[in-house]
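Next up: a single chain in structure tokens, the form predicted alone.
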């Protein structure tokens, strides 16, 4: 995670962001701390990346890169406003024992925001921020199967805003964020799916963090929480409204370093 010392709405690069609708800094800091504490209570250990002035979206560490075993594929952001983050994340990974590699040349790739393992398969969102060709090249480099999913709604610009693997064969998703082909791919390859209602998807219900059987989301997702309890999970809500203003929530604010619980390769 990265503390929100410099977080704010300083530009607009997705439909959620509006510089006239600023984040309340004290509230944002409190919400970030509450998420941090909820993750620790669920059993996670937190490592911190130092924030950098002038990079307000660095708080969204999910986009730092893709982690596979001890390897970190460094993101290359589509928007210039976020490209300055790359050097800071690269340095952090190198200093913490990861073998780093760059994103494929001439391809945009926004890390675990658009590339999520479910079992041994890497589900990869493209069109809005990341490029399908880049995903395929990264998959070949890592030796894993990649299933590209086209994101067709600008509000769900990263895969992790509309899709969250829970286990190797189950996931949360918002079907309307995908084209018809992408919907078939998800249904054909994941046996247990929990569909999120549109109003809860708009509250970033899919942008959840899974720690064991605990699923941490933003507030405002009662239907999803009921479905999760019925499926044997323990949902937990923590308010993240100040980060939703920038198009992010619980998952965006975290990067799992040891493999998501749904990933077959998890350390």
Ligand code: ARG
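Numbering follows the first chain given and starts at 1. Worth saying up front: this structure is predicted, and the values here are computed from it rather than measured.
Quick note: we don't show the form predicted together with ligand ARG, though the next part is all about it.
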Fill in: Listed residue (93, 123, 157, 173) with a non-hydrogen atom within 4.5 angstroms of ligand ARG in the predicted complex
157
Practice prompt. Just one of 183 to 191, 100 to 108, 143 to 151, 157 to 165 has residues with a heavy atom within 4.5 Å of ligand ARG in the predicted complex, so point it out.
Written response: 157 to 165
Worksheet item: Just to confirm, residue 135 within 4.5 Å of ligand ARG in the predicted complex by heavy atoms?
Response: no
Worksheet item: Does residue 82 reach ligand ARG in the predicted complex, with heavy atoms at most 4.5 Å apart?
Response: yes
Item to complete: Mark residue 13 yes when one of its heavy atoms lies within 4.5 Å of a heavy atom of ligand ARG in the predicted complex, and no otherwise.
Response: yes
Discussion item. So in the predicted complex, is ligand ARG close enough to residue 242 to count as touching (4.5 Å, heavy atoms)?
Written reply: no
Item to complete: Could you list the residues in 47 to 67 that come within 4.5 Å of ligand ARG in the predicted complex, counting only heavy atoms and keeping sequence order?
Response: 57, 60, 62, 63
